[in-house]
Ligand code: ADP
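Next comes just one chain, in structure tokens: the form predicted alone.
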Amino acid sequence: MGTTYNITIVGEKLLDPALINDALEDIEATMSTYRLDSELMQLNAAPVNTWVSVSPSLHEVLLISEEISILSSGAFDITVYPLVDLWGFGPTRRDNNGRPDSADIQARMENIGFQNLIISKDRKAVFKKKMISLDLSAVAKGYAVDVLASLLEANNISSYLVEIGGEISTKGHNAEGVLWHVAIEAPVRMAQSRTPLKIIELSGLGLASSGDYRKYIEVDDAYYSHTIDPRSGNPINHDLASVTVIAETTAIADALATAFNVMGLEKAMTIANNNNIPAYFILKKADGFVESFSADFAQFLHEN
């Protein structure tokens, strides 16, 4: 997944690292766009108008993705892969000295749209109505966190924190016997060190963040976020620097954070409040950062 992971366990019981590595390897082999032999890439190459059987894990992630796509009216869309790759954030290397040609962007847009993927609810199979290609990078890390959390619980480990690339799942308490304290960092581009901006208390839930300050390209003194708006074909361009979402699973939090980041503050806040989603937003202004959060997020704020 191109990132690091960390697992913190409270108590004397440990887990064989081989079990963790095997679980992560299975997810990579299923959902990676950097492995041509992954199940996802085989699905991307599959013909249209044909039902294709998929594994239980891929089926689950596709259903989660569809749910968030519908909720966000297409702001979250896993068929965005051709655009991600075109902009230089996928496995295909390209010259980033200039932005993609608008004609190339429009050509890729012809095969964008989550509605072009039919996911069977009764059996583990999918149907492509167009030659779409899927990218699960905005949900797979969160799903991997959930898988590791389930693995810990299956081995009778009840207090833990699992983190993959900043996406987190917690359970029980930390070493001090209190709820886990998780820091939301200031979204500072090219920062040499990470600065906590807000501390929250978390247990039994998943957390994920999305922002434009870690992965981006610079073209002609302009910065382009790695987050592509599937509705326009271009990187997002607004004053929302970071979004953090808390949900029952980290996979859902991961997808929602990306959706909210694409939508911008006003629309994202409306959806968060209407659906009781704890969400925290950081806006970048000329004189610094401004925070905003949904009504359901306040309960998680740590009192200093």
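Please read these numbers as outputs of a predicted model, since none were measured by experiment. From 1 onward, residues are counted along the sequence shown.
Only in words, not in the display: the form predicted together with the ligand, which the text now covers.
Asker: Report the stretch among 23-31, 253-261, 272-280, 46-54 that approaches the ligand in the predicted bound form to within 4.5 Å, counting heavy atoms only.
Answerer: Correct option: 253-261.
Asker: Even though the ligand is not shown here, does residue 230 get within 4.5 Å of it in the predicted bound form, heavy atoms only?
Answerer: Yes, residue 230 lies within 4.5 Å of the ligand in the predicted bound form.
Asker: Considering non-hydrogen atoms and a 4.5 Å limit, does the ligand approach residue 180 in the predicted bound form?
Answerer: Although the ligand is absent here, residue 180 would stay clear of it in the predicted bound form, with no heavy atoms inside 4.5 Å.
Asker: Using 4.5 Å between non-hydrogen atoms, is residue 143 touching the ligand in the predicted bound form?
Answerer: Close contact is absent here: in the predicted bound form, residue 143 is far from the ligand, nothing within 4.5 Å, heavy atoms only.
Asker: I'd like to check something about residue 75: if you look in the predicted bound form, is any of its heavy atoms closer than or equal to 4.5 Å to a heavy atom of the ligand?
Answerer: Contact check for residue 75: yes, within 4.5 Å of the ligand in the predicted bound form.
Asker: Which residue, 124, 99, 226, 128, has a heavy atom that falls within 4.5 Å of the ligand in the predicted bound form?
Answerer: None of the others qualify; the residue that does is 226.
Asker: Taking the ligand as it sits in the predicted bound form, which residues of 143-182 have a non-hydrogen atom within 4.5 Å of it? Please list them.
Answerer: The stretch touches the partner through 167 alone.
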